[in-house]
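To begin, one chain is listed below as structure tokens, in the form predicted alone.
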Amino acid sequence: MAKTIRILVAKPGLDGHDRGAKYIARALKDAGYEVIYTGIRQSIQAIVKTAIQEDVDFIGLSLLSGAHNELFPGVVDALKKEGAEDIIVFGGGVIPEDDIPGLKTRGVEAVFTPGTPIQDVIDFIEAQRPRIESR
């Protein structure tokens, strides 16, 4: 039997717009994943603490405020400090295409912008399944 993948969906920083995050959380739950949604205005430390406590495989970050270049890699760095670098981080939201390569260089494994079909997110998650199951 395949492992049930656990995904934490979080809104870091002061961004209070959560429509996209709620949509992604619901769509991933409907696709059969176990999803934990933390709500808006979460600190990096709170996101990482919750991810570790909930033993998640992924953290999906959603942001519209423009602080993605600091907050997304901040989560990756905090995971490393806690010895939890095996948690896969992906992001989404209003993120300029020019910023995506830098985010990937800093450990954000995928970035999904508005209008991305949910199947693309699912395909990304499923492509990581062998990596997750080999832990």
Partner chain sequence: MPKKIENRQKQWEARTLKPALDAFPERKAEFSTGSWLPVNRVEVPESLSEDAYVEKLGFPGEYPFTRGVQPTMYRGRLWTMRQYAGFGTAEESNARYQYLLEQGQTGLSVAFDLPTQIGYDSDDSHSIGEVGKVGVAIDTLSDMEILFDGIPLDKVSTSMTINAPAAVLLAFYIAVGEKQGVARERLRGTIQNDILKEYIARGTYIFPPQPSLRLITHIFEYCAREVPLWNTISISGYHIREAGSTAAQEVAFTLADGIAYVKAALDAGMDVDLFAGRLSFFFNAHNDLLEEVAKFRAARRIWAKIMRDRFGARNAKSMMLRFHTQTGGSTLTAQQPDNNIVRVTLQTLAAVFGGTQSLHTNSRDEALGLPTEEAVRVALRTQQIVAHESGVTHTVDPLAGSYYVEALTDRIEEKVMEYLVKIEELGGMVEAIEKGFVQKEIQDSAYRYQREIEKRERILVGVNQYKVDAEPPREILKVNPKLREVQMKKLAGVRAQRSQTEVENALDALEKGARNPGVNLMPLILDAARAYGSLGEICGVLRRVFGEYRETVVL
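Keep in mind that this is a model prediction, so the values were computed, not measured. Residue numbers count along the first chain shown, from 1.
We do not show the form predicted in complex with the partner chain, though everything after this point is about it.
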Answer for residue 108 alone: is it within 4.5 Å of the partner chain in the predicted complex, judged on heavy atom distances? no
With the partner left out here, check for me: in the predicted complex, does some heavy atom of residue 77 sit within 4.5 Å of the partner chain? no
Answer for residue 14 alone: is it within 4.5 Å of the partner chain in the predicted complex, judged on heavy atom distances? yes
Should residue 58 be counted as a contact of the partner chain in the predicted complex, where contact means heavy atoms within 4.5 Å? no
For the stretch 103 to 135, I need every residue with any heavy atom inside 4.5 Å of the partner chain in the predicted complex, listed N to C. 114, 115, 116, 117, 118, 119
